[in-house]
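What follows is one chain in structure tokens, specifically the form predicted alone.
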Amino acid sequence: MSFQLAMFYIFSAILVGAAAAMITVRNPVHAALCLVLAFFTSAALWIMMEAEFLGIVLVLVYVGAVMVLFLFVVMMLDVNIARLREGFIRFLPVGALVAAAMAVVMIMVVGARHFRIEPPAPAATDVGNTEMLGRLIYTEYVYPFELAAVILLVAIVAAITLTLRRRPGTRHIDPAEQVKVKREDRIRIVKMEAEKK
């Protein structure tokens, strides 16, 4: 067994374990951290397949930005974990049935025959995969790329909106009231006589 094949099996095992842990743990913060581990191992697999740009983008965009957004929203939503634990056993048969159906469909769609494809011949030009990907994104797939950017913008606005809700018992500042403040409302000058020795 070669070193590259051994590293592939190690990263694949970590990826499958992190994905399984992500959907089985009950704490949403732990699930998000397991998803971060899955992203890291997926990036390592991309880099092993000589798709360096996709691996680095996966780390920078998903781990660096999207997962921070996920953790931010999860922390701000105050998810009641005890309530989630109560309904876990009740919905377990339905969840197992849906998981089995999805596994069957994935095995039917991505069977063994799809993996027996000859590797593509190397291109005659000296253009790297990053430059080729850039040409494709900004020429042939420019509209789907812009649509993905709009969807990410909507997700950011939705996350900000979720954090701006008012909660009882928390202290907040009204900017309109701050602007109305005058010096006389904040400072009181007291005149005192000087002490005599």
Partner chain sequence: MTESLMTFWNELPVLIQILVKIVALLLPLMGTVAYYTLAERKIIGYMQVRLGPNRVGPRGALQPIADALKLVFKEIIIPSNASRLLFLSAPVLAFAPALAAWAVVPFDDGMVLADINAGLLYILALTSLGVYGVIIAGWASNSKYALLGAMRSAAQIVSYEIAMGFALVGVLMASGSLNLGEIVNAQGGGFWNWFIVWLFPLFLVYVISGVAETNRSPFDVVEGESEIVAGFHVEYSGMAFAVFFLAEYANMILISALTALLFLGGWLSPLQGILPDAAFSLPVIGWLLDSGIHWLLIKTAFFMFAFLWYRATFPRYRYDQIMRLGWKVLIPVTIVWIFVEGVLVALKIGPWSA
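Residue numbers count along the first chain shown, from 1. For the two forms, the rigid core is made up of the largest set of C-alpha atoms that agree within 1.5 Å on superposition. These numbers were taken from a predicted model, which means no experiment stands behind them.
The discussion below concerns the form predicted together with the partner chain, not included here.
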- Query: Can I56 be called a contact residue for the partner chain in the predicted complex at 4.5 Å between heavy atoms?
  - Reply: yes
- Answer for L133 alone: is it within 4.5 Å of the partner chain in the predicted complex, judged on heavy atom distances? no
- Is there a heavy atom of V68 lying 4.5 Å or less from a heavy atom of the partner chain in the predicted complex? yes
- Does at least one non-hydrogen atom of L60 fall within 4.5 angstroms of the partner chain in the predicted complex? yes
- Heavy atom within 4.5 Å of the partner chain in the predicted complex, from candidates A149, V29, I137, I156, belongs to V29
- Query: Can we say S2, I10 and L97 each have a non-hydrogen atom within 4.5 Å of the partner chain in the predicted complex?
  - Reply: no
- Message: Within 4.5 Å of the partner chain in the predicted complex, counting any non-hydrogen atom, which residues from 30-54 show up?
- Response: H30, L33, V36, F40, E52, F53
- Query: Would the C-alpha of I10 be classed as shifted by 2 Å or more between this form and the one not shown after rigid-core alignment?
  - Reply: no
- Task: State yes or no: after fitting on the rigid core, is the Cα displacement of A20 between this form and the one not shown at least 2 Å?
- Result: no
